[in-house]
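A single chain, nothing else alongside it, follows as structure tokens in the form predicted on its own.
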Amino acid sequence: MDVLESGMGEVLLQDVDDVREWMRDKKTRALEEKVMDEHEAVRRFLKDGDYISYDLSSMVRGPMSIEREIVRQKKKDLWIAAKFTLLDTTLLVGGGCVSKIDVGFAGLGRPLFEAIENGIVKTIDWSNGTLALRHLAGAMGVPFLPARSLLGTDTFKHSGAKVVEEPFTGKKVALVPAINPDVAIIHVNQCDVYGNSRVYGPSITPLETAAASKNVIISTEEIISTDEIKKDPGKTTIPYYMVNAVVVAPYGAHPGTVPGYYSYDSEHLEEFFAARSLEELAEYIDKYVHSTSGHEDYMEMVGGDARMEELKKAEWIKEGYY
């Protein structure tokens, strides 16, 4: 195929055969208990310079407890896939953890835009759909997938995609390169000790992100028994053999929501978004991240069980919407 146009964005390219070999050598299908706290999970499986991805934003089933631990451990030079992101990207950037962002959607954080404008972080434009396709390609073990959605857009110009003449009809099609993250962090509704995970309600690419990633950290609202998993295996979204660590984190998406469990904490979100600069965001991070030892300590600071009981009383939560 002849390459007709190339986007100017930087791309992290990996040899798909090397990735497949890594998966064969490093991943195991043995039934091993993987429960650990967030400190150990981040320390063991995430290092400076890694490419990390997550399934959903902080506003809905986001892996906030893990992201706070990443900031707490002061990880550096991360490249993140922001398929759909709100305060979590702002938090990681404000914590000094991020150098590059593959952007599908990123918003709601003036400090984030300050970092971009001042060259603290570099952004590469994609779209929600094409970042999802990149993870699907990584999960499939193919070097790229075709897409039409980038054609004729400025997003294409600032992406790392290519336009080619496809061999069947001779028409133009965009090719988006596979991505195989070093680490995926995914918050789920339920999980057993081995990593068999259930995701209910809104999602983007939980299975594809897990399958594409070398290491997968699952945080979960609750641990259920493997017998319960076996009773209804069709509810298992992510199978155990893709998972490296299981972190028990009730209310782990706070201040966002897990539909059917608890609502957004609008008061806390107002406090977060009151930070209009990196300097003001640093004050928030000092208060809620660096002054806390972990997720349980953080939850006590934001009101503990009493506050979460209030968030469970939202009308759409009481109706059991997933």
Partner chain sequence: MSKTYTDVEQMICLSSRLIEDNRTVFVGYGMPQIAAILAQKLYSPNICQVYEYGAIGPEVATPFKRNMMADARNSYRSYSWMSMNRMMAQAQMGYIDYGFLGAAQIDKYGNINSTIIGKDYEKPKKRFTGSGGGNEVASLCWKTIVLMQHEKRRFLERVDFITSPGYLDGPGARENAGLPRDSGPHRVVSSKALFDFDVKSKVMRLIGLCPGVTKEDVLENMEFEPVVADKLEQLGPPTEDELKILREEIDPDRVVIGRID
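The structure presented is a predicted model; accordingly, all values stated were derived computationally and were not measured. Positions refer to the first chain, counted from 1.
Just so you know, the form predicted in complex with the partner chain exists too; it's not on screen, but the next bit is about it.
Screening 92-100, 183-191, 71-79, 199-207 for residues having heavy atoms within 4.5 Å of the partner chain in the predicted bound form returns a single hit, 199-207. Note on contacts: among Val42, Ile52, Leu56, Leu281, the single residue with a heavy atom within 4.5 Å of the partner chain in the predicted bound form is Leu56. Shown alone here, Tyr251 lies farther than 4.5 Å from the partner chain in the predicted bound form, counting heavy atoms only. Using a 4.5 angstroms limit between non-hydrogen atoms, Arg20 touches the partner chain in the predicted bound form. The partner chain is not shown here, and in the predicted bound form it never comes within 4.5 Å of any heavy atom of Lys313. Contact annotation for Phe273: at least one heavy atom lies within 4.5 Å of the partner chain in the predicted bound form. Shown without its partner, the chain has Phe84 as the single residue in segment 70-84 with a non-hydrogen atom within 4.5 angstroms of the partner chain in the predicted bound form.
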